[in-house]
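Shown below, as C-alpha cells, is a lone chain in the form predicted on its own; questions about how it binds or moves come after it.
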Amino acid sequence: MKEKEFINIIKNTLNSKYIGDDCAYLEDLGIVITQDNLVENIHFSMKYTTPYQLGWKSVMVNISDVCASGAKPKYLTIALSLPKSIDTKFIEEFYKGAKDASKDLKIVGGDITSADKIFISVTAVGETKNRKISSRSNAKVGYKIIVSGEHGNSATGLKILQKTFSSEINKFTKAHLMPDAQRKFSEEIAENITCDYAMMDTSDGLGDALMQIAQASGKTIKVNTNDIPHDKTVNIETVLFGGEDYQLVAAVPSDILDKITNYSIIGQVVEGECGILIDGKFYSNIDDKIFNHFE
C-alpha cells in the first residue's frame, strides 16, 4: 500500500475539501493549519542528530508548510512521546532549538507522554490576512515555474551523515539537520499576487512537488534541469528526487516576477497530459523515485 493511497482513502472517506494541500485553509477563521510527525529511525537518527538540531528541524518543517500556503506563520504546538532513557538535558536542548527556529512565532502548548522511541508531532497555524493563499490545483497554462534556493543539498547531507556519523556541519549536513523555511519568498509572492497560483515546499523532493502540482492542476509542467539551481557536485537524480530541502516551488504569472527578489525560473506550465516533462522526457508517475514511509 502506497502512502498516497492512504491519503486518498482518508480524503474520500471524510469527503473533505480541506485535505490535499500542504495546509488546510480555514477561510472562515482566517487561518491555515498543518501538522507533521517525525519518528525516530524513520525521519531522523540520534546517532547523528543533536537534541537542539532535532528541535529546530521539528518546527521548521511545519513552518515550511505554512510558507508553502502563502500564509504568515504565527503559532506552534509540540507533542512529544519519549522513551524512559530521555533525560532533562534532552528536553532543554530540544526546546532551545525549537525556540530559536521559531523566531517570532509563539510555541503555545502541546503534550508529552512515554513511548518506546522518540515521536514528535508539531502543529502550525498561519495567518492569512493580506495574503493570497495558494493551492497546488491553481497552475495555469503560461505560468512560470520558479524555485527558491538550491536543491539536492539535504539528501546529499543525509548520505554524508549516514556514512560518517560525524557531527561536522557543512553546507550539505546543515541543509539536512537545520533547514530554513523560505519565509521571504513566500511573503513576496503572497502579499503581491492578485490571481490564483500554486505553491508547495520540496520536502518530498522537487520532482514530487512538480508532479503534485501538475496532477492537481490537470496540466503538464515542463522543466529544464540545467536551470535548476544546485551544487555541481550533486547529481540531477538527487536534485529532483532527494527530498527534504524545504525550498519552495511555485507556478506564477510572469507579471509577479519583478516583485520577487531571489528566484530561479526552471520551466513553465503547458497544455497536455497530467505530468512533468523533464528535459524532453515525459513522466505521468514518479512513485518509484520518491520516498514512501510505508515501504
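The first residue of the sequence shown is number 1, and the count goes up from there. Since this is a predicted model, take the numbers as computed values, not measurements.
Separately, the form predicted together with another copy of the chain exists; it is not shown, and the next lines address it.
Contact annotation: of the candidates Lys159, Lys140, Lys171, Lys106, the single residue with a non-hydrogen atom within 4.5 angstroms of another copy of the chain in the model of the complex is Lys106. Scanning Ala24, Cys274, Ile278, Ile286 against another copy of the chain in the model of the complex with a 4.5 Å heavy atom cut-off leaves one residue, Ala24.
The partner is not drawn, yet in the model of the complex one stretch among 229-237, 49-57, 31-39, 258-266 has residues with heavy atoms inside 4.5 Å of another copy of the chain: 31-39. Another copy of the chain is not drawn, but in the model of the complex it has a heavy atom within 4.5 Å of Ala79. Mapping the unseen interface onto this chain, Asn130 falls outside it, with no heavy atom inside 4.5 Å of another copy of the chain in the model of the complex.
Interface residue remark: Lys74 is counted as part of the site for another copy of the chain in the model of the complex, having a heavy atom within 4.5 Å.
Although the partner is absent from this view, Lys96 contacts another copy of the chain in the model of the complex, with a non-hydrogen atom inside 4.5 angstroms. Contact with another copy of the chain in the model of the complex holds for none of Ala155, Ala216 and Asn224, as no heavy atom of theirs lies within 4.5 Å. Annotation for 105-123: interface residues with another copy of the chain in the model of the complex are Lys106, Ile107, Val108, Gly109, Gly110, Asp111, Ile112, Thr113, Ser114, Ala115, Asp116, Lys117, Phe119, Ile120, Ser121, Val122, Thr123 [heavy atom within 4.5 Å].
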